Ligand code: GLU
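Let's start with one chain on its own, the form predicted alone, as structure tokens.
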């Protein structure tokens, strides 16, 4: 393949489940490469598994990728010059190629039963031979085939694989990879003349859609030699390959399928931002030259290179994902943050927009996930209840806390409503706190406002609550004491 060939990459998810992180990561690396190289990014839906493929899953995959701003140039919902973009709509195309392979004797019908194949496999293993199909149906005559079909014998279609040839390809990430055809044997490529299996369908689709680079997980390395054999049989050109490293657990073992296949929607519901997920996944197996970590999508595109994708697996660390998410929460404009929070918090919390945004500004510094706000910010929006003993600073009597709260209330009553911002409150109130003892005054004041042992400081809380509600809470504490 010459360098002048236009860059065209694809992902081909199966709509047999909801969008998960494994699919997102593959899509992201393809997207970054395409955009960096001024190429095209295509989505093709592999829905030949009719029993498990459902429209609801396809919609979830497409909607989720859009939410992540991983947008495609061609696909089932936007069309393109090389459609259809669903395999279920391409059956006549596959039929033509399967017939071509059968007519040219590059493929043949195999009538061996599962029991026969299992006996063969066991015999080869016992003899210390690598198990593969013996090829016993390879030389059946047309009359033999017709006779077996007339008797109602079921068959599959196998590729006629040449013996003892080296299948080589240069992987952009891993370098030269070579496999001997004797370790593969005559692979099954179709159930029948209208039903291709994965390796045949993907070769045909990639060829007809002019895919220049196949970028996918390293678990597909074993499929690549098989696909190259099919390409040679069909006389079509081989794309360039790049196999992405595995995703590993923190202990560097292979990431559990359950973890990787947790629905993207579950992460969103739990309060993870799409841009944080994108940034985190981009660094699972790739890093830029400057080692920078926080990078929005446009910056990721500008810095991306397949040459900097590592061979070793990328470690999926939830603490690291939480860190990325916390950083994006801190830098997201408050209007956008409030908008995203509106679907997570009780609707009553957003009735006072100004109060809601002030609470967000305070709490965002401590939030790892948007959902953290529901528990940490409850004190701003709901009635607080606490034991009066919580008002006590160290071993001082409760009466001291009550007296200090009365002094605080009298002082605050003389301040203007407009003075109830953190900076002004701190400047005006701290001389009183210093004269009475900081802990002696600020501890019962903060508890009276929050009802909690651990909470934001009293000036931050009063800025959110405002003068009237702050005084009401202090009075309630005085009455309680």
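Numbering follows the first chain given and starts at 1. Since this is a predicted model, take the numbers as computed values, not measurements.
Form predicted together with ligand GLU: not shown, discussed below.
K.L.:
For the chain shown here without its partner, which stretch in 92 to 100, 272 to 280, 195 to 203, 177 to 185 has non-hydrogen atoms within 4.5 angstroms of ligand GLU in the predicted bound form?
P.N.:
This holds for exactly one stretch, 195 to 203.
K.L.:
Heavy atoms within 4.5 Å of ligand GLU in the predicted bound form: does residue 364 have any?
P.N.:
No, residue 364 is distant from the partner.
K.L.:
Whether residue 368 contacts ligand GLU in the predicted bound form should be assessed with a 4.5 Å heavy atom distance threshold; does it?
P.N.:
Residue 368: no contact with ligand GLU in the predicted bound form.
K.L.:
Using a 4.5 Å heavy atom cut-off, state whether residue 25 contacts ligand GLU in the predicted bound form.
P.N.:
Residue 25 lies outside the contact set for ligand GLU.
K.L.:
Indicate whether residue 12 is a 4.5 Å heavy atom neighbour of ligand GLU in the predicted bound form.
P.N.:
Judged by the heavy-atom cut-off of 4.5 Å, residue 12 is in contact with ligand GLU in the predicted bound form.
K.L.:
Work out which of 132, 409, 357, 216 lies within 4.5 Å of ligand GLU in the predicted bound form, going by heavy atoms.
P.N.:
After the contact test, the surviving option is 216.
K.L.:
37, 46, 440, 58: which sits within 4.5 Å of ligand GLU in the predicted bound form by any heavy atom?
P.N.:
Residue within 4.5 Å of the partner: 46.
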